[in-house]
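Next come structure tokens for two forms of one protein chain, structure 1 first, structure 2 second.
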Structure 1
């Protein structure tokens, strides 16, 4: 259980700046997700924490002490690599036992630990395999995971541990990880590009893009109060709807208008930042759009362009004039292309963004 602090971390590879000044605090025993698209710097950050990459500037502290002077083999960290990085010339058993052998554990202790972690990950029957390359993708992933979990280090670093698995398997493993964290009670930093995974698994999520952490918050806050446009669009499935338009102050409050529609804004706390006649971007989550709503303010007629019926929800693509929006409705709805439906956009659920900076206005 170690508290990890990262201060002003910078790392460049030649002309490319992978990390531009990362600040992050992970409480001891917490599971924090590092969420970001490919190339955001997640792997680089994890490798710096592990010690296999040396940062150009900044500091990394474990329980208040800098670890930059400690080489990776003495940092007491376990890392899962996105590419699995299994040792091809060793058997499955030897792969998993390697970290323990390097730390000079006794043969009996090694055997017990390896067998225990193999049981838990349901790969005990694979321990004798001499050649890891004959394993299936899912099996390789679990062997790599076993190697990571076989010790009890200060910090666990997981780099996209389940990205390469089938959709169904990924779903199951998400739950497994949450369970694993409760059992291990260790500090875990988990990198992934999939926000659903990050939300399912972590207590707090750090959204990273282009080497900078944009927002570090709980899943609910990231959803409800994204700090900027990128966070808002990156999180949420389907992607949040964004429209560009003009805000005008009317008698009854602020109004957002595009060529196709006028939306009355509710009490969203942005009023102080708005200036009459300025251009802004308005965002509304597909889940917040009400379908088949009764007629009132902010109700519009829309045509259905597509309906994706996924079982527990239906994603509807709507067309209102020249604007295309997505909305989500519970269950399997019988919408078909061409149907007309009345929708409602709740004025108090919208989020406004400054066009130039992309910052949210609250």
Structure 2
């Protein structure tokens, strides 16, 4: 197991700054996800850690020792890309054994390692398959992963490893990665643009955008306490509801208001950056809006605009005057266009953002 530290890492490609001073610490044996949209800098960061790309500034340390200047083959890092790149002229066994043969391992050690990793990935029955092109997508993915795991490197770098699989296989492989991490107890950095994938596999998640890590936190904190508007909107499905309005201090605490509704926020902690009468953005996740709720100070009449029945839940689009919101109700609900429902917006579940900077205000 290896502790990985990234300090002030910068990397440019011509005029494009891919990494803008990245700082990240991955504890020994941890599974951390890099979460961000295409072009955020995830792959560039992984390539710098692997030694495939040389950073312009900053440092990369393994167990406190800098690996800058150390060639890729001496860093003992395994990198798995979304393209499997299996050798078509080799059997499944030989594809997995290839990196060990390149390192001049003995025949018995190779055989033992190949069979052990094949058992872990449940592909032992495929080892004699001569033509990898006859494998299914999920089987190809497991063979390519076995080739990455077989030499037991210090650090695993996985770059969108299941993006090419269908939904059912992606779900299976998320579970598989968690199982493998428990068994291998290795340091793993896993890059993905899918927040569900990141939350399913990782203990901590680094949200990255435009070469900057915006927040490095646990999944629950990213959902409940996002540091800015981008983190809040990038994570969650359906997307978090955001409305603009004014906050004012009242006798009972803070109140948020638009032209069509007022939401009681209660007393907000001393760390709040709110000022009386300021314009803010209020965000609330669709799962936190309560449909057909008992009336209280934060209850409102809403009109149903649309209902998406997904089997395990129903996503409802609501109209409250000039405000349109989405809410989630468990199960299949018989809502129809034009129905009127009472909803509740819990004041303790909202997040407030500064309009100009997008930063969370408490």
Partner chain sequence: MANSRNNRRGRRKIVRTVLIYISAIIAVIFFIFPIYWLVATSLKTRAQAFSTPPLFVWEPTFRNFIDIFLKRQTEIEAITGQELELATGAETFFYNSFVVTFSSIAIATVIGVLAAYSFSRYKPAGTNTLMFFILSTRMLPAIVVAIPIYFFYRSLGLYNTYIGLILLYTMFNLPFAVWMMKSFFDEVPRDIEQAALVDGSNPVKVFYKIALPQVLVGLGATIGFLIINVWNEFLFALLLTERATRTVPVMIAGTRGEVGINWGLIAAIETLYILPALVLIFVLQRFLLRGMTFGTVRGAK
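Here the rigid core means the biggest group of C-alpha atoms that line up within 1.5 Å when the two forms are laid on top of each other. Positions refer to the first chain, counted from 1. This one's a predicted model, so the numbers in the text were calculated from it and none came from an experiment.
Working note: structure 1 is the copy from the form predicted in complex with its partner chain; the remaining copy is not. For residue 95, a C-alpha deviation of 2 angstroms or more is recorded between structures 1 and 2 after rigid-core alignment. Residue 115 is among the residues whose C-alpha shifts by 2 Å or more between structures 1 and 2 once the rigid core is aligned.
For residue 141, a C-alpha deviation of 2 angstroms or more is recorded between structures 1 and 2 after rigid-core alignment.
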